[in-house]
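Below are two forms of the same protein chain, given as structure tokens: structure 1, then structure 2.
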Structure 1
Amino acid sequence: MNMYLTLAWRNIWRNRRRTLITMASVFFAVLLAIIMRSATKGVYENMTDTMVRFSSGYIQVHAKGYWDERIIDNSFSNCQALWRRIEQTGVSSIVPRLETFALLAAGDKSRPVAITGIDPSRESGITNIGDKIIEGRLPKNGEQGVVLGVTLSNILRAQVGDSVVLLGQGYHGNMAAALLPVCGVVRLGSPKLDESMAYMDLSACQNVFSADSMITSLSVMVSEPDAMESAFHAISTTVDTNLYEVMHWKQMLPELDQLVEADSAGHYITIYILYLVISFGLFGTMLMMTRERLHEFGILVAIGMHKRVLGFIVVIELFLISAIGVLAASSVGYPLVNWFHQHPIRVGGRVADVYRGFGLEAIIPCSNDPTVIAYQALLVMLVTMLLATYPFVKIQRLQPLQAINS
């Protein structure tokens, strides 16, 4: 076997130009597939993560019946025993929220908004809301202040230092009314969220809405999206399902899940076309290489080399060439997609309008998931080795005299 590898390695460098052309074909095929798949997966991940973090969480625990009628009356006591049971399942973090609706008014402007009572320290670890504050600050513990989305702030013409009037219905029909100073303005990145969200400190929100120690949900986050299913099943078997309901984001946001699935179907058609184009390109390179070496193959068979051995050596040559091309593309591809993961491409024009129409920030981040690169590299490698059956079969059918005279 070592002898075959040595012969194959020497053979591929006898004609450097031909070898480099073949390597370049594999290199650009893998690199193009990595970039395309990483960009698509990155868009899906960003869309899902943005909506999930600021709405339901990857998994949510709430009172039974709350999801069918999402009103503050269906809240439940913030029980520490429940926290401990959920934490034992190994989730990354748990965030308590009190979510309701109210009318905010400033001057002659008013707007119905979604009010979310949050624990600022815990929430910042999930949504990084502290980093998204563009003016002012988050309210302190117990402080009756409000943070407005940037578009909502402009609509109400209420800036930091101004006050807004809150009117709504509290727990069990109590009147919720308060004059709240604007502590900060936040840009969430989603146009829909920026014009409809307002945040309060959890304890202050509970006080205003007469819901002492009550929350509407515990939003549970996982370290990786792929860990959601196992965490969901673990939590479902841990909590009392007669009192609480456990749901994951695909159940709570089915329209988002359907959008991703539908768009993925179109993407797979595109990626299959890409692989078809790649296959024809690689096959053309192999066809050229085989035709150029027919004379060489004919002489080797004529002097006594078995066709199977010769075909095996040629397949090893193609494997080595493909492996070098794949490794080079992976080495370039990972830093490239990691860069675009940290510095997303910002889009403008009509494409940006489409993104904003879905309530998303107009960016294209690449996924830096190593499995994307491994999968694309493996797939292109398999395609290359499948195409390598052509020169192998060609050698088995070789007529030495005809090949020598070709």
Structure 2
Amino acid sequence: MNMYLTLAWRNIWRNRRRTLITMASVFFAVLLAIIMRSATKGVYENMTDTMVRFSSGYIQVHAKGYWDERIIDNSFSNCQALWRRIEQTGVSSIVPRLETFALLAAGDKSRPVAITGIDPSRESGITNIGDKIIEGRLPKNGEQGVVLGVTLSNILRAQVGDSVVLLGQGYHGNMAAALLPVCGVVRLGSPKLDESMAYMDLSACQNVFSADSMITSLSVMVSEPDAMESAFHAISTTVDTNLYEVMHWKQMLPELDQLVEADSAGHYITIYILYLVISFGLFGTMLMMTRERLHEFGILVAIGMHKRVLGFIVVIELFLISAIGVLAASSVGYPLVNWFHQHPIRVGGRVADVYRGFGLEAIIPCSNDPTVIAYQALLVMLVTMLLATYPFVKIQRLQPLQAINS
């Protein structure tokens, strides 16, 4: 090993206890930060993914004005040209939907319901709605049938094989009425959704609502959440914004975005305070490490060591202390968050209610994204290097005689 490195390495162990305490403080701070960030990120991603998949997709294209007045009259023709334009932006999939409202009735029970006409084959890859069917199946292409949310099915007392009556308003004031067999029951996981959702095949739905080849939205999925921004810009520039409106989920679900942002901000403040405390600890250790060796520094410079070499050694020492703390925290932190990724924490009480209110399962699925760890590690190393500029600059100004006589 290089002698300067050896020197730095041995120097940090001159005061074993102090070094260990400093390393431990870095370790705990980084570990805590990793856990906090991974948990927040996991919750964030789980929330957005669940919400986004079920309700909106990452990006939606509507007829202009639909979002402000979500009625079937604001639908648009599901034309090939538009699909091609969107497909060219490289998004992972496109799903057409026709969303509207109607009254469902069975026996003496009735209920206003959100009806979503879906293309079952396309939809299943995204909302994996097929997996959530607990009874029966999704309608086949063109089949007149309805899939009910599990609570809704109970309220209407309509099981698979029974029929429900649909009553509502169709496109351009047409009457929509149909007797629909229940072909499936779905459990979406959120009480709110389970009591208000019903699915139909898209073309059957268009039929019932007299809205041939009309849809209310094209939902666009991207391969990963981070690809949303660029896809949004690409689609916005490619479609005619006089006819269509392009929205991303943060616009469509602002409460969700705000909740996540507010939550993250709180966590960041905690983490920054944590790092501030650690910085003071590191700085103190560093001050002591350099001050008590002033005589030695003086001698080294007197006998011919360049101050930048000496400064470099001290920087390496600080780097090593932090790096060991950070490495230890990462190697404990990664398996830990990975474990919580696979075994999400269940939350209860009020927090659970908040989650359910958003249609989410009440779990904290920890993210096991290594970039969270890398980010915390880099942040701490960056802070360390910033702190290290102080002794480095001090050493560049060192007067060997004064130092020797100190």
Partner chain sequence: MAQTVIDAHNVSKVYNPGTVPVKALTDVHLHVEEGEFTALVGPSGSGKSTLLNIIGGLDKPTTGNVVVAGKDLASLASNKLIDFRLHHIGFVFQSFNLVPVLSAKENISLVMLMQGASKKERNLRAEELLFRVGMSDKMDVRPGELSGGQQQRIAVARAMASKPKFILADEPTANLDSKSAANLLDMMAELNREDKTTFIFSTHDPRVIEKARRVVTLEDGRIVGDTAKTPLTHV
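None of the values given here were measured: they were computed from a predicted structure. Residue indices: 1-based, along structure 1. By rigid core we mean the largest C-alpha set that fits within 1.5 Å across both forms.
J.: Where's the form predicted on its own, in 1 or in 2?
T.: The form predicted on its own is shown as structure 1.
J.: By the 2 angstroms cut-off, has the C-alpha of residue 282 moved between structure 1 and structure 2 once the rigid core is superposed?
T.: It does, since the residue 282 C-alpha is displaced 2 Å or more between structure 1 and structure 2 after the core fit.
J.: Tell me whether residue 296 is among the residues that move between structure 1 and structure 2 (Cα shift of 2 angstroms or more, core superposed).
T.: After core superposition, the C-alpha of residue 296 moves 2 Å or more between structure 1 and structure 2.
J.: By the 2 angstroms cut-off, has the C-alpha of residue 100 moved between structure 1 and structure 2 once the rigid core is superposed?
T.: Where the cores coincide, residue 100 shows only a C-alpha shift between structure 1 and structure 2 that is less than 2 Å.
J.: Can you give the C-alpha shift of residue 271 between structure 1 and structure 2 in Å, rounded to one decimal, after superposing the rigid core?
T.: Reported C-alpha shift between structure 1 and structure 2: 4.0 Å at residue 271.
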